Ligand SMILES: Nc1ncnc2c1ncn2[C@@H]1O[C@H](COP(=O)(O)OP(=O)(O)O)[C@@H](O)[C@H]1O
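Coming up is one lone chain in structure tokens, specifically the form predicted alone.
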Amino acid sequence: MGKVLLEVRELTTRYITRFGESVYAVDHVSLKVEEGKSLGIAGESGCGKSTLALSLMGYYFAPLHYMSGEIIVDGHNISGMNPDDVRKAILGKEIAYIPQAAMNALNPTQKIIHFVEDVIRAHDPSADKKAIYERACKLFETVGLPPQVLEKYPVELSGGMKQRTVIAVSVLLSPKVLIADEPSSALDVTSQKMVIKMIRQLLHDGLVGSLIFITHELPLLYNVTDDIMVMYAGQIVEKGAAREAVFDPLHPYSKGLMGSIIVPEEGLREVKLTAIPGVPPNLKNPPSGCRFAERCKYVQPECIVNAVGLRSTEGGRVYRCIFSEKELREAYRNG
């Protein structure tokens, strides 16, 4: 086992509305990411993926609130830290974040070099302007961008170039953990492949210590990450090696998620598409039992009544279901 760069223990965060209602967006989530490794997080829209990403940075703004649990980055517990301390000591340096629609995250009135200077001087106010420029040129060339981009405004760049610019700015300080939240969305296929290849290369070259890659496309993670965690209604429903999660999903939701996507991979392209019936539960008032129960074809009376915890297989996989691995496989064989 390698060095653990990020460990999350029973993290719970909520959105609190102006009416005082709580939305249980991330509910007792635990995970580990080792140095040089990558974790994929998958699930449909609204399952809590992006909220988890924001929560992992320990930087909370209303209506998102930290409730309980621990976030340990390279041995340092950042849970409940003062937001100013988090911004100065953690963000960008320990944990970096590539947001959804990253190409729209750049201020159109500033040149790219200004973003670079802001990030570096937030951690080193005395940084020399020439040294910053040289460092930026080297990194931008690494992500396939010419140094001239630094003197341009965002409007002068294509969508793919803006995406790569945001990624380059995010890894300026060689963060221990890079969180990429659907970084390939809204891009054409060619740009998607380029961005994914680039992110993997950043990890391979040691420019980031570890990677968390978030997407709603479960098969995509097979080509990007070592392990996959599937979320549903704010909870983990399955965790395991990427190949197992894609080619042999165990939890009924994971299986339904894979069955609802067209996959070109050999061994999956022949699988008949199926839809997951129903809609996710309202997280203002989540069910007391299994949160997937109302949509699950294998549901039993006890699934609806009793809370369902995580259980492990002999192979090290983790899933949330009342059925044993043997019982689930038998149910799948019988249709």
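All figures in this text were calculated on a predicted structure; none of them were measured in a lab. Numbers follow the displayed sequence, beginning with 1.
The discussion below concerns the form predicted together with this ligand, not included here.
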item	value
Residue among I322, L11, V23, V318 with a heavy atom within 4.5 Å of this ligand in the predicted bound form	V23
4.5 Å heavy atom contact, R291 to this ligand in the predicted bound form	no
Proximity of S45 to this ligand in the predicted bound form, heavy atoms at 4.5 Å	yes
4.5 Å heavy atom contact, P287 and this ligand in the predicted bound form	no
Partner contact for S50 in the predicted bound form: this ligand, 4.5 angstroms, heavy atom	yes
Proximity to this ligand in the predicted bound form (heavy atom, within 4.5 Å), stretch among 37 to 45, 304 to 312, 66 to 74, 291 to 299	37 to 45
